[in-house]
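Here we start with a single chain on its own, the form predicted alone, put down as structure tokens.
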Amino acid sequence: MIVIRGATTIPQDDKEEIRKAVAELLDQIANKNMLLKDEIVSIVFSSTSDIHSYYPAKAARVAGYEGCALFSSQEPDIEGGLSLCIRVMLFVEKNLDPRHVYLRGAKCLRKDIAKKINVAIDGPAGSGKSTVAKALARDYNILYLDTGAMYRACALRALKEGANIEDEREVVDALRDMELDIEYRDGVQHTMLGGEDVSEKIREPQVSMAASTVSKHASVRMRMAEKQREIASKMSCVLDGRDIGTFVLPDADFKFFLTASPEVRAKRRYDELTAKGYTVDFEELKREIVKRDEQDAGRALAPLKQAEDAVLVDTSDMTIGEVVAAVKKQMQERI
């Protein structure tokens, strides 16, 4: 399935203007991509909150695109965003290099973040960095890359192969023919190991601890960092980890370091695991978190530490919403 994007603006919230703009946009997308209408599986529209008089999906039906599923939704208000903007995604079953179409100055909903940006969020386990990174990616409509999942997949593979995870050579041998892929379905990252979706398996406690050990090996970090840089070079994205701002993306546009007390982080992890049905001991979990902090901070290559130009955020007494708001405020002040 291929996704083709497009957007346009209208001079005023008027039914006829919407009909003309939608027809023009869809026809240009179809022409530039040499699409037949029956090759379009579905069309999804979103429009800014100042458009009320007519649904873009209805306009698409009138324009002759009635043979596929049509959806319309309204976007939340975004400070600094374009007004009177209609955006669209066409889902097609055709092998092509998509040519996206933007008309009437609608290249991006936010003019101030129209360029490619990378956001690095570092911090110890349980600091909230993954949750915050996902929220930022969703709010800014950019990619979230769970780098920790990649190291967890390496650990899972090493454990399955019976490797001594403390021995770098054994780990390297176990990973030599590893097929690791990151897929995105319905906005969710899936970690694929040898074609198997291991997104849940890599969250098990023993894999978490093994990931910290495996990730200290230089050869493993270099291999994963190379893949992460490759992804970040191609698109705007948010990456979270322990060395994103210092090692993986030292030139990231925005850097943050999230932290919290060991007690708070252990409680968060405890609640997360018990909610998934795992039986865990809180005190043992806290000891593991402290041990992992020491191990991550003490490794020779790319240790856990705050980048000199990263903004420190202590999340101990903050809700996720408050942390996200604080991070977005810092980003907005920099733009």
Ligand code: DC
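Predicted model only: the values in this text are computed from it and were never measured. Residue indices: 1-based, along the sequence shown.
Keep in mind that the form predicted together with the named molecule is missing from the display, and what follows is about it.
Within 4.5 Å, heavy atoms only: does residue 118 come near the named molecule in the model of the complex?
Outside the cut-off, so no.
4.5 Å heavy atom contact, residue 257 to the named molecule in the model of the complex
So residue 257 does not count as contacting the named molecule.
Check whether residue 148 has any heavy atom within 4.5 Å of a heavy atom of the named molecule in the model of the complex, and answer yes or no.
Close contact exists here: in the model of the complex, residue 148 approaches the named molecule to within 4.5 Å, heavy atoms only.
Does residue 39 make contact with the named molecule in the model of the complex, using a 4.5 Å heavy atom cut-off?
Outside the cut-off, so no.
Partner absent here, but in the model of the complex, which of 150 to 158, 92 to 100, 168 to 176, 259 to 267 has residues with a heavy atom within 4.5 Å of the named molecule?
Stretch with heavy atoms near the partner: 150 to 158.
Let me know the one among 305, 299, 61, 286 whose heavy atoms come within 4.5 Å of the named molecule in the model of the complex, would you?
Of the candidates 305, 299, 61, 286, 299 is the one lying within 4.5 Å of the named molecule in the model of the complex.
Looking at 133, 237, 252, 211, which has any heavy atom no more than 4.5 Å from the named molecule in the model of the complex?
Contact with the named molecule in the model of the complex is made by 211 alone.
Since the partner is left out here, which residues of 242 to 271 would have a heavy atom within 4.5 Å of the named molecule in the model of the complex?
The stretch touches the partner through 242, 243, 244, 269.
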